[in-house]
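Okay, so here's just one chain, in structure tokens, the form predicted on its own.
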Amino acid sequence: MTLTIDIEPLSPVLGASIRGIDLRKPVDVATQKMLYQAFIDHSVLCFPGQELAAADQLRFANFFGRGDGGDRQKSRDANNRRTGQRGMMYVSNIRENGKLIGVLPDGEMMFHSDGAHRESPYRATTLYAITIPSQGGNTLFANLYAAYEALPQKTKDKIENLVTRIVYDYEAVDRADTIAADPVLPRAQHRLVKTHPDSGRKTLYLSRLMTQDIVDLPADEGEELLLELFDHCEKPEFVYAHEWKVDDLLIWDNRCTNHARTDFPAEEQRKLRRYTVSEPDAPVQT
């Protein structure tokens, strides 16, 4: 059966809305390839009105790489590092028996890229809206292709070969936590300017929340440059704000976008289900 799938831009800067497909049903290979190309072209895809079980969302994630469907554990090793496989989790402020059912629960969260603190970051993230507050809790997406392309050539030349150190604390929502990072927290080094393996376009790869410093520069000089680049990447002309609706399914490309969250009323519930997508040859363990 041939589907009639509509692809409409979400904003002038990035993103597309995809309609005409029911992701509860099998999707043929040709359609999967079309969706992957839309993902590369638009960086963020929204599938509104999808009534999905967890298994449906994981099957969808597998269209875009290796869906991380392992048993996600919250245990820690002898060095206080998290252990377990990459898997499903809730992004939620809901508590049961006094304990959070998910992670990243409350309030505003600075721009970041999922998995950037790993040697093999997540290719993509999928997020499905189950419970949404009456206001706020929007997800902001920054187009790092456009941010790079808008830089003066002098700046492009300066940053071309720089390497950054990226670190993440699962409880962190502010850059102050990154600068004062615990030495045992997971971290990785990445090029500040990367070439996207699918599009061939150059993109910045840094974020206010997770990029700790520039390996190649003195601390003060590196921090000054990072702050300038953070401000540049977060200019309104590079950012799309997604206002969630129940049953929205989003997927975004962590290789060329950053995302952030706006504040929302603490007394209201917010619950979204997340599966990440890894590169096919990435390690299974965290």
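Since this is a predicted model, take the numbers as computed values, not measurements. All residue numbers refer to positions in the sequence shown, first residue = 1.
A second form of this protein, the form predicted in complex with a small molecule, is not displayed here; the remarks below concern that form.
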Worksheet item: Taking 117, 123 and 201 together, does each of them reach the small molecule in the predicted bound form with some heavy atom inside 4.5 Å?
Response: no
Discussion item. I'd like to know whether residue 129 contacts the small molecule in the predicted bound form, with contact meaning heavy atoms within 4.5 angstroms.
Written reply: no
Worksheet item: Is there a heavy atom of residue 93 no more than 4.5 Å from a heavy atom of the small molecule in the predicted bound form?
Response: no
Discussion item. Does any part of residue 147 reach within 4.5 Å of the small molecule in the predicted bound form? Heavy atoms only, please.
Written reply: no
Worksheet item: residue 109: heavy atom within 4.5 Å of the small molecule in the predicted bound form?
Response: yes
Fill in: Among 253-261, 41-49, 59-67, 216-224, the region lying within 4.5 Å of the small molecule in the predicted bound form by heavy atom distance
253-261
